[in-house]
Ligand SMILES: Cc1cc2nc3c(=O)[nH]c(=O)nc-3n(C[C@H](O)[C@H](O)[C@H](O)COP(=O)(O)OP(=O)(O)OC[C@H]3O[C@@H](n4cnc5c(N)ncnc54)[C@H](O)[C@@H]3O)c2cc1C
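Encoded as structure tokens, the following chain is the form predicted alone, with no partner shown.
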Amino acid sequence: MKGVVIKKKAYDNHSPWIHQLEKVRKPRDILKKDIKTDMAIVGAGIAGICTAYFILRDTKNKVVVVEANKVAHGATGHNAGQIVSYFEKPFSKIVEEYGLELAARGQEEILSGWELLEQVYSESEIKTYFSQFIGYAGCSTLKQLNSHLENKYLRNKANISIEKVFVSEKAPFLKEIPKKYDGLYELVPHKKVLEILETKSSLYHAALASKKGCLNSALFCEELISYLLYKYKDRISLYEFTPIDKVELYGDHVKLSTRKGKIINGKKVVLCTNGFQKLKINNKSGKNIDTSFHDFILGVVGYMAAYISPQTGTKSNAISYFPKSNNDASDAYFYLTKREFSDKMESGNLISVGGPEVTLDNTIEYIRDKPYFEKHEKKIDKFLKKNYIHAPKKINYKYHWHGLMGYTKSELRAIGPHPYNKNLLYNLGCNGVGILPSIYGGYKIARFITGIKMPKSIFDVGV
């Protein structure tokens, strides 16, 4: 009707991971004066906190961590809660660009993140719930399956085996699977494919099994930073609500300027910001690298929703679903995580689902407090009721949240020093799957700082 404005239903950006943190926590500190340090780390998400952990553990450097908001309240506190070791970018494409040897080394480096995460737990005695299990991905078309089989074919060629592939005996494309993939998959009854995918949709004809995990990375970061502030109290400082506006690079030091005009002088700076920041970089010693972060990082906003099932005692799981509407395995897909969850009000299994995405124009800034509109919930609800066998008839979503996924131009994480000035280092680029790469990135940054010469890598920062 003319002149009538229909209001869109919207929710606050409310993540279950942030919900599990303390309801109100005062900032550790806000930078109020100029300071000096050895290492300045910008960003206190899982990348920044893990970078601080390995630098403090493996060197004698003093560390200052600065965060524009609060610890782990950015992408780290607004993710899907899954730990995976694959790349969003198909492994076959990485091989095409870098060659099998470099691609395989990169895969092994990310796989090492599992061991590094266990080291962090063991050494810091963190209590945050962390589970490991075999998770799955479901394919509905031959093109999707072939894409995954090609990845497996190349990984096997490099002596890396990280997944099993099950194909339904009734798959309509069974006779069309290329002969080169013989021996890379196992034929099973269609019923088994549907059971392991926990789906009622008979359109899924193949399932990939690989190691996955669940982690509240926000709670993990809160625990880990508390440990660091206690263990290394003479070598670490944390400043929240301290956004950095400018980084100046010199031959032997760096200078960071906060939005309120305070200065941090250090030997080196590590950017762990997910890249999507209004940050001016001025190289005073070498070629100009003052390009906008919006040229380096593409912003993709992922939308998720979750409900609590009263069912208890079931194992954690993480499943990805590639519906028929996807052209290939690199397109957008739905991902579901099931894990134990409790707060003061209720407990059960938290079923969280993501899939809807929006790519930000380079001129648009991501706003964390922007409302979550009902249209994203409807997409998730439609998917669940059509695909997930345990979905109730009416789903009461308790959590709605969105989070920023920063994609680099290479679609791979950026780890290491910038070639124009070695005093600027990066550990950033979520690229859709960020937990293990963040942890490995922190470990590798510490090795750079100790002076260890690192071999060429697919994660090297380009020019």
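All residue numbers refer to positions in the sequence shown, first residue = 1. Note that the coordinates shown come from a computational prediction; the quantities given were computed from them, not determined experimentally.
Only in words, not in the display: the form predicted together with the ligand, which the text now covers.
Checking a candidate spot here: are Pro90, Gln144 and Pro323 all in contact with the ligand in the predicted bound form (at least one heavy atom each within 4.5 Å)?
Zero of three within 4.5 Å in the predicted bound form.
Name the stretch: of 128 to 136, 161 to 169, 74 to 82, 260 to 268, exactly one has residues whose heavy atoms fall within 4.5 Å of the ligand in the predicted bound form.
Stretch with heavy atoms near the partner: 74 to 82.
To verify the annotation, which of these, Tyr185, Tyr335, Tyr307, Tyr388, has a non-hydrogen atom within 4.5 Å of the ligand in the predicted bound form?
By the 4.5 Å criterion, the partner-contacting residue is Tyr335.
Of Gly348, Gly286, Pro243, Pro371, which one comes within 4.5 Å of the ligand in the predicted bound form, counting heavy atoms only?
Exactly one residue meets the criterion: Pro243.
Gly113 versus the ligand, in the predicted bound form: is there a non-hydrogen atom within 4.5 Å?
Contact check for Gly113: no, nothing within 4.5 Å of the ligand in the predicted bound form.
At 4.5 Å between heavy atoms, is Thr59 in contact with the ligand in the predicted bound form?
Outside the cut-off, so no.
Considering non-hydrogen atoms and a 4.5 Å limit, does the ligand approach Leu208 in the predicted bound form?
Although the ligand is absent here, Leu208 would stay clear of it in the predicted bound form, with no heavy atoms inside 4.5 Å.
Would Ser410 show up as a contact with the ligand in the predicted bound form if we use heavy atoms at 4.5 Å?
So Ser410 does not count as contacting the ligand.
From first to last in sequence, which residues of 398 to 414 have any non-hydrogen atom within 4.5 angstroms of the ligand in the predicted bound form?
Stretch hits, in order: Gly403, Leu404, Met405, Arg413.
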